[in-house]
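The data below hold one chain only, encoded as structure tokens and taken in the form predicted on its own.
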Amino acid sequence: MNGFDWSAARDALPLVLEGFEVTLLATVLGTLVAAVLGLAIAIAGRAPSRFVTVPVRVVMEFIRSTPLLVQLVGAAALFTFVEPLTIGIVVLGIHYSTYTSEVYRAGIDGVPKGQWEACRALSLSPRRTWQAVILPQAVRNVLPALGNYAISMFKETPFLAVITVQEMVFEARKYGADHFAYTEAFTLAGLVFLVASYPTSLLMRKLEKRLGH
């Protein structure tokens, strides 16, 4: 049985790090999409009209009930004129927005009723109520959970390889196929995932404790 080839690992490292840049970009932009869209979904879910809440709920359940991999392949097949990385970012963002919306909903529901009553007593407009009173409290309470979803998204970026996005695992697999060094390339990719995600997980735990969760 052959041992670990350190020379191959050294050669694969630049390609893996190049792929990591794409992985990181997809994670950051996908998280932004999920955070903004998830908030919009959470607010829409509190609309007084069922013509708004029911379609939102149906779409959310559909997205949650289908695998991310299927969504990526389907979107790539439908939007062949769009760059694969763009498709990956949007699909990741939409997929995770259905989960972040529930996080926001819990945060909004956690705002004391007295805050809502005080806003009505002061005759604040709905927009002012949300911007100045409700959202600052809700978002502060859900930051750790949002961070955890960002980490989960980071670890699911290898799925983007199926639509030819040249992220970290794509590059590792390519190097392994070209040089018959899968063990070295995938080991490096795994280590980069660990080095990038573990400190972030610790940071989220500290933030969670600091906010009193």
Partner chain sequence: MATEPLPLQKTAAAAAVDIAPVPATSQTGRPLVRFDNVVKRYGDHVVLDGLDFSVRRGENVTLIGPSGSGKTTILRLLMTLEKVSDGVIWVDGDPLSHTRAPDGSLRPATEKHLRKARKKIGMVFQQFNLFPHMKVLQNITEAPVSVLGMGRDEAETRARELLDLVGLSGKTDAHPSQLSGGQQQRVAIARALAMQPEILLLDEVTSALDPELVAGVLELLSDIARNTDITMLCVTHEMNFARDVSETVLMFDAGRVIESGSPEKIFTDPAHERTREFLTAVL
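Quantities reported herein were computed from a predicted structural model and do not represent experimental measurements. Positions refer to the first chain, counted from 1.
Not pictured, yet referred to below: the form predicted together with the partner chain.
- Item | Contact flag, A106 vs the partner chain in the model of the complex, heavy atom cut 4.5 Å | Contact with the partner chain, no.
- Message: Just checking whether G110 would be counted as a contact of the partner chain in the model of the complex - the rule being heavy atoms within 4.5 angstroms.
- Response: The answer is no: G110 has no heavy atom within 4.5 Å of the partner chain.
- Query: Is there a heavy atom of Q115 no more than 4.5 Å from a heavy atom of the partner chain in the model of the complex?
  - Reply: Judged by the heavy-atom cut-off of 4.5 Å, Q115 is in contact with the partner chain in the model of the complex.
- Message: Using a 4.5 angstroms cut-off on non-hydrogen atoms, would L143 count as touching the partner chain in the model of the complex?
- Response: No, L143 sits far enough from the partner chain in the model of the complex that none of its heavy atoms falls within 4.5 Å.
- Message: Tell me which stretch of 67 to 75, 98 to 106, 124 to 132, 81 to 89 has a heavy atom within 4.5 angstroms of the partner chain in the model of the complex.
- Response: Correct option: 124 to 132.
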